[in-house]
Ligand SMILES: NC(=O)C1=CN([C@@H]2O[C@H](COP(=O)(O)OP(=O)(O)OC[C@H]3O[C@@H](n4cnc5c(N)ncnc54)[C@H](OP(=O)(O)O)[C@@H]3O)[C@@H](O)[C@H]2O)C=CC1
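Given as structure tokens, the chain that follows is alone and in the form predicted alone.
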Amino acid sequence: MEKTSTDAFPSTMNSSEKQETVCIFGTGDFGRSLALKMLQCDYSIVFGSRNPLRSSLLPNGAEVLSYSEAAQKSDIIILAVHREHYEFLKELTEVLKGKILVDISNNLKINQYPESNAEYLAQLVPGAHVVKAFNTISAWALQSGALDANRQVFVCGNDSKAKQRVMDIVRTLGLTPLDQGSLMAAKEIENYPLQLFPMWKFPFYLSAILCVFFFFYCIIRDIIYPYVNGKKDSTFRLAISIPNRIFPIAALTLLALVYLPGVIAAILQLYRGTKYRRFPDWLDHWMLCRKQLGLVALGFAFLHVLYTLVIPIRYYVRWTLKNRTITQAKAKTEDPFSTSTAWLNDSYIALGILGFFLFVLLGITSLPSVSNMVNWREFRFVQSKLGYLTLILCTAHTMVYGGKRFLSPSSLRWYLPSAYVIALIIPCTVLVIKFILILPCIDKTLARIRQGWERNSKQTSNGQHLKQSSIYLDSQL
């Protein structure tokens, strides 16, 4: 790593008595937004432009000069131009020697070039100290005020002092610098803004597969079957009835899939007798997506609640109730009150309300602004203990919904059970395995393994096994 003495930078820049000057190459949207933010923080800004006389819309108080003249005004130069325009820097090699060159560029696609823009810039101007920064924050965020994740600025560079100078500027602007190490990390930093929901792809694809499968399954049972057997048109169920079956099934299944990888990981640790071995890549990725899976499940639960609330105003429901009332009035009959049915109905609703309440609590706790306010033990209690309680309540809600017809042969259509029966397979499997894992004889062994005990210590005494990167899974098991 390149070393630089303190004499490499003018001492006037470190003096609190004199205002620091920062040079910005480029007068585009981001350059102007960054300059305005820095002017508000009492920095002196000088722009470098290929056409100084034609530059407009610049913030008041900023000076505009040619590239060469502007570079001589400051030892920190922020390069706000695209990579394809870097060639002009070759003519400024001597002027830029020993200066800090901050690369803020991004590409149009991931891995567009063999090397990162910052590394290419370091090769182009070998005498400058290149630092990668500011590429993960937008011009809009600078103008409107960055919040939460938008406050984070990834910074990397080979010279520690140059990198520290840039990080000080980031902090002064009210942002949060994150040191990513040497300039080798620049390519990953440049790819970061180009990623589109990287941790959400698996939850979205999985939920889409679940919805499509159960959609066609319900069509076969609720639309095709009545038409084939009685020429009855039930296509109106496509709007409310079938979606209101799919959404709770997807919510329950995805919630169970949040806790299934933790159960699988526990079984692997028991089988291997050690925690110092990596899980398979698919399991590792699955565990990293658990938060997203849970939030998608919560979204489906919200849709289920909304669809359930509109059931009384549906035409089909109002028509059915009106006809039944008229029929009973003409026949002078009434349906006898069934205490058992009332219990089942009230229990089904109560379990659903409690399950949804805890579901929302889990979602709120996963928000960074909330999770940062609780300690690790509190977060673990909510996400693990209350999480399993939520799964138990939602599973019981589905079971009670089936009631007396749960496994009745009359509910089969072409030997196909109701969709909610299939939806119970994964949740029940997870709960049964979890119950076995918390048995004292098994839980004690699992706790010892997580504390570092190994069944065969000779195989791991040489220290060649990598330590498990997913220690956080303990909170979910």
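Treat the numbers as computed from the prediction; the structure is a model and nothing was measured. Quick note: we count residues from 1 along the sequence shown, nothing fancier. Whichever C-alpha set is largest while still superposing within 1.5 Å between the two forms counts as the rigid core.
Keep in mind the form predicted in complex with the ligand is missing from the figure; the text below concerns it.
In summary, among the residues 158, 207, 180, 105, the only one with a non-hydrogen atom within 4.5 Å of the ligand in the predicted bound form is 105. Of the residues given (283, 110, 238, 139), 139 alone sits with a heavy atom within 4.5 Å of the ligand in the predicted bound form. Taking the partner from the other structure, the ligand in the predicted bound form has no heavy atom within 4.5 Å of any heavy atom of residue 271. Within this chain, residue 74 is remote from the site of the ligand in the predicted bound form, having no heavy atom within 4.5 Å. Proximity of residue 67 to the ligand in the predicted bound form: non-hydrogen atoms within 4.5 Å are present. Although the partner is absent from this view, residue 63 stays clear of the ligand in the predicted bound form, with no non-hydrogen atom inside 4.5 angstroms. Highlighted residues 93, 97 and 120: none comes within 4.5 Å of the ligand in the predicted bound form, counting any heavy atom. Residues with any non-hydrogen atom within 4.5 angstroms of the ligand in the predicted bound form fall in just one of 74-82, 163-171, 182-190, 325-333: 74-82. Residues of 24-44 lying near the ligand in the predicted bound form, listed in sequence order, are 26, 27, 28, 29, 30, 31, the criterion being any heavy atom within 4.5 Å. Core-superposed comparison between the shown form and the other one: the C-alpha position of residue 231 differs by less than 2 Å. Core-aligned CA deviation for residue 86 between the shown form and the other one: 2 Å or greater.
Here residue 105 counts as shifted, since its C-alpha moves by at least 2 Å between the shown form and the other one after the core is aligned.
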